[in-house]
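Next up is one chain by itself, shown in structure tokens, the form predicted on its own.
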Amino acid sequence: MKIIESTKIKEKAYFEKLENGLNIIIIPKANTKKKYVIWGTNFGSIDNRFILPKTNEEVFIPDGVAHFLEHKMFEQKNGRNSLDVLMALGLDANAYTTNDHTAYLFECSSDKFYEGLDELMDYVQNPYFTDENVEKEKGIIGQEIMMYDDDPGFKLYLNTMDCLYHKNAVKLDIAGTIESIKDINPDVLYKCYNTFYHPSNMTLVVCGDFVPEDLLEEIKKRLLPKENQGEIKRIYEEEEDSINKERKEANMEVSTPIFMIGIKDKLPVTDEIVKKHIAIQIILNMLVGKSSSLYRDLYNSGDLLAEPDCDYEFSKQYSHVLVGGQSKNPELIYEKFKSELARVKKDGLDEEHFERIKRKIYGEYVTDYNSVSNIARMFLADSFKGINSFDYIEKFDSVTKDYAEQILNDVFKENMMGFSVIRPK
């Protein structure tokens, strides 16, 4: 197995690519009681148009298939539900779908790990879809879609995506719509499963107190043979460089207005994305974090009710900065944010503040390695982006104030901003 070590935090990751194409990553944590396994496929909500590897047939699937498939994987031919089986073993099991991947997982603090691994690897490799169970699931997912339609925070996020993007599928609900899921049937699900759940499109990550070589053999024992398939050719709508619209508002059941500022970025370059991500985190903390002058002024005046949530979301098909919060006067926050951005671009980043925030973020990165779940999920998500998670630690020192100022000017552009507000009814 290929071993990559982070000398700064004394952690190792073992990488193996099997003959069938499956990527396996094992991060051993000695003397840790908890064990965590997550098995993911590089298939998310944005992958709705592709060419089948063996037949070269172009396929266009309804919105929400990746999420629908995730729901259906637990149901087995013998009538049992694998999620119930894992829970009965005392394991904390779950699954989720994002814009770019789907994952199945469990956490274990007992001696039932390999029993859980048996079940996990069995149900992920043995789909069972019928007309009856697919139709039944449409009702369940339909209720979930309606529930999220009534969620102000979720609506705020989607409205922000609509501001930033013209055509990119990141602006769509991961679960699809009531209308789109009507067109999902067993044939569509099997076609997507056979294409995207091939080992060559999947990564399995395990973190815990293991001997990596022994665990690798246990995983191999549980793998079903699969014929090799060619590369999956994904087709995405060409996205314009500009934003779609600057503002979008809605009225929902909220006590105080909530807002989100989005900044559309260029598609990420993998070789640079880790440094860029670190720099953006530092910049956001300096602009609107708890130690920023802007936050203190807005909080003391009562215009900002808490520290804003800040994030940089990206995959190979999209990237954007998000700043969201709660305020009785969201327009004021938006204007103050733009004014502060212009001031910092003009004056430059404060050296002492930069170094203080940089140390804070580094500490947060190191703390992530105390949790087996954080480690495993991080390595899985990063692997689908072409990133080695240790790079966030190893490349940290290379993020200088000058580099951060370059990113500030390249990314934080007023003409690429969208602003979304949800007001009380």
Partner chain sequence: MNYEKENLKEGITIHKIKTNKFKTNLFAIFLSTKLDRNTVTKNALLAAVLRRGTKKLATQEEISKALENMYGASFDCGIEKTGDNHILKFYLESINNDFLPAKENLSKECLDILFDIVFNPYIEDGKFKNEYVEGEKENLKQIIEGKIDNKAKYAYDRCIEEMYKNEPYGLYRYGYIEDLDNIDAQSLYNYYVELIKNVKIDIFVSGDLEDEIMSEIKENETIMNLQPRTPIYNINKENDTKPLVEEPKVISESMQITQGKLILGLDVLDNRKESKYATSVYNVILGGSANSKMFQNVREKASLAYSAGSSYLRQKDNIFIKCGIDIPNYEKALELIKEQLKQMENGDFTDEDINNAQTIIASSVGSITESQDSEITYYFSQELSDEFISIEEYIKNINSVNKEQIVEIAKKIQINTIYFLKD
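Quick caveat, the model's predicted, so the values are computed rather than measured. Positions refer to the first chain, counted from 1.
There is another form of the same protein, the form predicted together with the partner chain; it is not shown, and what comes next is about it.
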Exercise for the section: Scan 147, 342, 332, 235 and let me know which has any heavy atom within 4.5 Å of the partner chain in the model of the complex. Expected result: 147
Problem - Option touching the partner chain, based on a heavy atom within 4.5 Å in the model of the complex, out of 182, 221, 245, 296 - result: 296
Handout entry: Contact stretch among 163 to 171, 317 to 325, 139 to 147, 264 to 272 - heavy atom within 4.5 Å of the partner chain in the model of the complex
Key = 139 to 147
Practice task
Could you confirm whether residue 2 comes within 4.5 Å of the partner chain in the model of the complex, counting heavy atoms only?
Solution key: no
Exercise for the section: Could you confirm whether residue 54 comes within 4.5 Å of the partner chain in the model of the complex, counting heavy atoms only? Expected result: no
Practice task
Check whether residue 112 has any heavy atom within 4.5 Å of a heavy atom of the partner chain in the model of the complex, and answer yes or no.
Solution key: yes
Practice task
Check whether residue 398 has any heavy atom within 4.5 Å of a heavy atom of the partner chain in the model of the complex, and answer yes or no.
Solution key: no
Practice task
Assess the spot marked by 11, 81 and 360: is the partner chain within 4.5 Å of a heavy atom from every one of these residues in the model of the complex?
Solution key: yes
Practice task
Note that the partner chain is not shown here; using its position in the model of the complex, name the residues of 277 to 297 with a heavy atom within 4.5 Å of it, in sequence order.
Solution key: 290, 291, 296
